[in-house]
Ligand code: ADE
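The form predicted alone is given below as one chain in structure tokens.
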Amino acid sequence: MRIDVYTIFPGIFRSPLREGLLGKALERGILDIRIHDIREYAPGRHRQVDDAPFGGGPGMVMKPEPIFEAVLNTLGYGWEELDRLKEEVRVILLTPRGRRMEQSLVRELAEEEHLALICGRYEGVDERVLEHLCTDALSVGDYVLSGGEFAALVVIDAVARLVPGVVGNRESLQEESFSGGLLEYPQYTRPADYRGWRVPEVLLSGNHAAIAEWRRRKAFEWTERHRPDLLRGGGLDPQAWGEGGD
């Protein structure tokens, strides 16, 4: 998978893309991530990428020209090919105004061959970028960050994990939070007794059916307590998750 990222702060990406799964995937050629500095495509001696908003108001707005020029030049499309660009590349603007990212969308994006992520800044991005260049507007949550760079890293990490070859054990992806509509069940490891805090006996029993039942029940209980919104309309019956203690 190829991912092109457009930002005015390319240094933000240096360390995260060298570490962990992402670093290994890049070394092995499973991922091709290219970071582009929008300022390099801004006109004038000062490489200005923002200006005051029409209609007044606080802050600055990112100008359209440098973003269009950066995307078209780096991806090799002409102005007359904007429609073809959007057919061949999923061009995503990271913005609090966008669709909230969920695991179903992450799976959808992981099926794409080519993503382009535009990192918004300041009070936002000129709307013509979204109207004529982007295929999607995406938010990573109901809060505001200082810039789209951090949101882009979240998208890259979430999507990359689903690209074949990035995660060694594919089975581990099937029992993660959100994979089945619930948050993940609690996990324990050695020692079985730490300062008198014992691991639930069922996990030490070797009874795989009982362990699976315990995990299903705990996943439901945790989701019901911390994210009841995931259960609404999901057709999940609390009684189906069994009774019993730890």
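As the structure is a prediction and not an experimental result, all values here were calculated from the model. Start at 1 with the first residue shown and count on from there.
Quick note: we don't show the form predicted in complex with adenine (ADE), though the next part is all about it.
For the options A151, A116, V159, V129, the one in contact with adenine (ADE) in the predicted bound form, meaning a heavy atom within 4.5 Å, is A151. Proximity to adenine (ADE) in the predicted bound form, defined as a heavy atom within 4.5 Å, singles out one entry of V89, L145, C134, V106, which is L145. Put simply, G165 is far from adenine (ADE) in the predicted bound form: not one heavy atom of it is within 4.5 Å. Using a 4.5 angstroms limit between non-hydrogen atoms, L82 is distant from adenine (ADE) in the predicted bound form. In the predicted bound form, adenine (ADE) lies farther than 4.5 Å from every heavy atom of G124. Using a 4.5 Å cutoff between non-hydrogen atoms, L138 counts as a contact of adenine (ADE) in the predicted bound form. Contact annotation for 63-95: residues with any non-hydrogen atom within 4.5 angstroms of adenine (ADE) in the predicted bound form are L94, T95, listed in sequence order.
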